[in-house]
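First come two forms of one protein chain, each written alone as structure tokens, so that there is a structure 1 and a structure 2.
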Structure 1
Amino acid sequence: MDNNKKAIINPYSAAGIVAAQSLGEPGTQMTMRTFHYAGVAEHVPTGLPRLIELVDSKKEPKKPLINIYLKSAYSRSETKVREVADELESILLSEVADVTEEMGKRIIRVIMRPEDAKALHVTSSMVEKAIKKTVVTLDVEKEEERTFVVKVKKAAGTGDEPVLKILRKLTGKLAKTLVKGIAGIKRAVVVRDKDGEHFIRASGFNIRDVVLRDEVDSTRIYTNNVMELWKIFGIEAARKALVFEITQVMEMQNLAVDPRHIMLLADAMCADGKVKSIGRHGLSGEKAGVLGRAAFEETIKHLVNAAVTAEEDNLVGVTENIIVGQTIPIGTGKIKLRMRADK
């Protein structure tokens, strides 16, 4: 027999259970140790916490990271890459200026801190632009070289909200206004990869806006944020990312797991075109049989719901058949013999 045929598993093999055990057993040996990434976002969860994060398909990982490669025209020189990185990094108004409210005069005063602004390459015109964009209809006065005053008054569309309330709200909003960079990108550092190419490692999310920049090579952008990849690049990208991330977690702990088990897990999570978690709110919660779901978690909820909708359990799953006391439809139990009457 050739090796290919040998590698094919038997019909009705319990591939899911085997995959679950093969991933679960090394999981018990994982340490809680975290590893350090160069530069950005220290303590990126690895090991068990990270695995749980992936399998639960959290909306956002604890430490979202983006690897941004630039088009070859830019990626040669480190300084150019650094320039782009600086432009990507988001800077909020509060990082370069003091935003203070003056209730008596009903104004908000924005005073730039020259040293901070210089260090972050922020000019007063950028600040002015950002303020104008946020306050829209209100007047912005340039009081001094680096001081702006927003006069708050009753404006259309705010209804009968008192002016002071608007003032308060606006102060907070201004402090969080983006002056420069791409929203969501917290820090961006230039790193060299194995082949000596420079790329940007940023912490945060919002790869959509990053991709829109000309310098960025959109075919090579990657983030460990599986859910974001799914939304922007589709389910297949998310599936691949899941496999990649889980593989990385296992490798980092020096645990050997056959890639096919990981692929099966990712397949199961992505089979419906959306990334589902393992557990109550995902895969297990959507099992076909009532008995199977009731046996897992929230027993009474499932039973009551099944009763209300007069649900029928056709006993297709393993658990259901064990509960009832029948041969389980897997492996030997699924094989049937038929006899041809004419012979």
Structure 2
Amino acid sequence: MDNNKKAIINPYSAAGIVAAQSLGEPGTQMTMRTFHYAGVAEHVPTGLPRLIELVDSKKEPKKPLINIYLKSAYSRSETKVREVADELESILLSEVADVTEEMGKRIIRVIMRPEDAKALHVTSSMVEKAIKKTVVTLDVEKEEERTFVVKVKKAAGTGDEPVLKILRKLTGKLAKTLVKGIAGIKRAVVVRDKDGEHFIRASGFNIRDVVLRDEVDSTRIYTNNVMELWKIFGIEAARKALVFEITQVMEMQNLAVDPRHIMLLADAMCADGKVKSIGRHGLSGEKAGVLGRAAFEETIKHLVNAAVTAEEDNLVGVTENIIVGQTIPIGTGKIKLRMRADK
């Protein structure tokens, strides 16, 4: 028998249940340790916390990461890659300046910190430009070389809001103003892969803005945020990322899981063209049978809704048949024999 024939499962095998057990059982042996990615000053969750993050299709991972590969003209030179990494890293106004409000004078004073600004390659003109972009309708004066004053009066379009409230809001907004780099990209470091090529690994996931840079190779950008990949590259990319991320979790724990089980899970999550979670808000909450849904979570809600709408349960799944005490429609339970008796 050739390998292709060996790989085919038997008719009516409980493929889903075996896959669920194959993924669920190793989960009980996973450690809660975190993993330190080379150079990125963050501990990235692995093991069970990361697996839960993936199957729950969280909007954003606890510690998002992005790998940015550059075009061949840049990637061989570590110096060039480091320069691009510095330009990509987002710097907020609060990181290079003190933003204080003076309620009595109705002003916000921005005083640059020379050492921090020099270390992060931020100039006073960059700070001034960022301030003016944030407070478009207000007057901005340059008191000294590194001190700026924003005069807050009754600005256009603010309605009946008190000036002091506007002042307080604006101070918070200014502190979070982007002075340099790409929003959401933090702690960018240069890493060398096994082929000797340099790439940038950073905290964050803003692919949409990163790919606009000329130096970036948009065909090889990757983030561990599956939902971001789905929004930008589509469902096939999200499915592939899910398979890769779950496989990585298993391999880090030295757990051998058949890749087909991981692929079946990813297929189930992505089958409808969007990334669905496994829990009550996703696949389990959308089972065809009433009893199947009720057996998982929110039992009363499912039974009441089914009663109100006169929903029928055709007992097609495993759970429903176990509940009513019937043979489950899997394996030999799916086979019906017909016998011709002798006359």
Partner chain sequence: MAEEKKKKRKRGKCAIYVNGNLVGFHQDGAGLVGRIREKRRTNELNYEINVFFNERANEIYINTDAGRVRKPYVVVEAGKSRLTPEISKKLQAGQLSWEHLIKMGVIEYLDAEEEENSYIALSEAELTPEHTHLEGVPSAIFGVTSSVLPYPEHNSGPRITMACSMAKQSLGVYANNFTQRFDTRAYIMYYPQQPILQTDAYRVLNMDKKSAGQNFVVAITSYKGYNMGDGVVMNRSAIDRGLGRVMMFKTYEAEERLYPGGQKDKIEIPGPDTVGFRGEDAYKHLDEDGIVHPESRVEGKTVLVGKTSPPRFLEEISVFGVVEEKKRESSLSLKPGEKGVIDSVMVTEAPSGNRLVKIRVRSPKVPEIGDKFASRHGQKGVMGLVLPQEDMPFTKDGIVPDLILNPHAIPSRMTAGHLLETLGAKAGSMEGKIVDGTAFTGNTEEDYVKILKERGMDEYGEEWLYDGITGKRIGVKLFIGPIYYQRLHHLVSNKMHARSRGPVQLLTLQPTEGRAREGGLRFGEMERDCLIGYGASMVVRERLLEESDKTRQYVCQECGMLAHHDMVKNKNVCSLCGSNDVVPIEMSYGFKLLLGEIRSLFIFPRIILKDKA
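Quantities reported herein were computed from a predicted structural model and do not represent experimental measurements. Reference numbering: structure 1, starting with residue 1. We call the rigid core whatever largest set of C-alpha positions still superposes within 1.5 Å between the two forms.
J.: Only one of structures 1 and 2 is the form predicted together with the partner chain; identify it.
T.: Only structure 1 matches the form predicted together with the partner chain.
J.: So with the core overlaid, does the Cα of I335 end up 2 Å or more away between the two structures?
T.: For I335, whose C-alpha is compared between the two structures after core superposition, the shift is 2 Å or more.
J.: Taking the rigid core as the frame, does Q326 move its C-alpha by 2 Å or more between the two structures?
T.: Moves: yes, 2 Å or greater.
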